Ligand code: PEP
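Presented as structure tokens, the chain that follows is alone, the form predicted on its own.
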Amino acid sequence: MKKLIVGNWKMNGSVELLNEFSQGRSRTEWAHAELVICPPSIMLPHAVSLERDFAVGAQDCSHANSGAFTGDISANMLADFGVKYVLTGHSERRRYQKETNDKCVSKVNVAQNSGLTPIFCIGETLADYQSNLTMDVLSNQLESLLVHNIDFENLVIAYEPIWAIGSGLVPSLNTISQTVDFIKDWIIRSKGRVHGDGMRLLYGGSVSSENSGAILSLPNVGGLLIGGASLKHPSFRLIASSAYRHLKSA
């Protein structure tokens, strides 16, 4: 299975940057990874109109299909424009928009019903990590998927320790491996080995071209969710290349 490399531009980027990503592709290296760019929603129509070798993802969608939700964009609308993926449960949405587990998972549900593939983000705070509560926090976030009876065949889970996002701090390879292994084992226990073996589990949090290859070499890491490094085409290309090099050496 190809590694999934997702760039989350957050509230950054421009039409000019999208054009650069479209024109500056390296097919030999990028063909061995599945690439997704998630620009701000206002740029999505331009992104899907480009000749490109990356899929387009959204950074969020509404929990509702339609209605009086000023400022929201429904999953159906995203799908109509050709968007393929959508981030849900990102820690910044949980923190700044006060989104609960139930709210995040309701977005997973409507995204799947609209034909999108949701990328469900989970992760612990620094206080949780220092108190050895990481697995408890992740279990609580994952349990919400069972409550809403989510389809595990059309789902990606991204582990992003909140304390690593944009901080330059990265867990040790051993810690990342143990945590991703825990998530996989949780899926196997809850939904069966077929789902556990088939789901792509991403790591995110201060990913760079310097550490991406080592992280992708971990057995159960199926890809990366990248923030700042995805805003520069050269660094994003190098990260995609590390997936290519990993495939060649596997």
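Since we're looking at a predicted model, the values are computed, not measured. All residue numbers refer to positions in the sequence shown, first residue = 1.
Although not depicted, the form predicted together with the ligand is the subject of the following passage.
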{"item": "Listed range touching the ligand, judged in the model of the complex by heavy atoms within 4.5 Å, from 187 to 195, 64 to 72, 204 to 212, 48 to 56", "value": "204 to 212"}
{"item": "Heavy atom within 4.5 Å of the ligand in the model of the complex - the one residue of Ile37, Leu216, Ala33, Leu225 that qualifies", "value": "Leu225"}
{"item": "Selected contact from Ile165, Ile176, Leu155, Leu142, since only one has a non-hydrogen atom within 4.5 angstroms of the ligand in the model of the complex", "value": "Ile165"}
{"item": "Proximity of Glu124 to the ligand in the model of the complex, heavy atoms at 4.5 Å", "value": "no"}
{"item": "His90, heavy atom within 4.5 angstroms of the ligand in the model of the complex", "value": "yes"}
{"item": "Partner contact for His233 in the model of the complex: the ligand, 4.5 angstroms, heavy atom", "value": "no"}
{"item": "Contact label in the model of the complex: Arg237 to the ligand, heavy atom within 4.5 Å", "value": "no"}
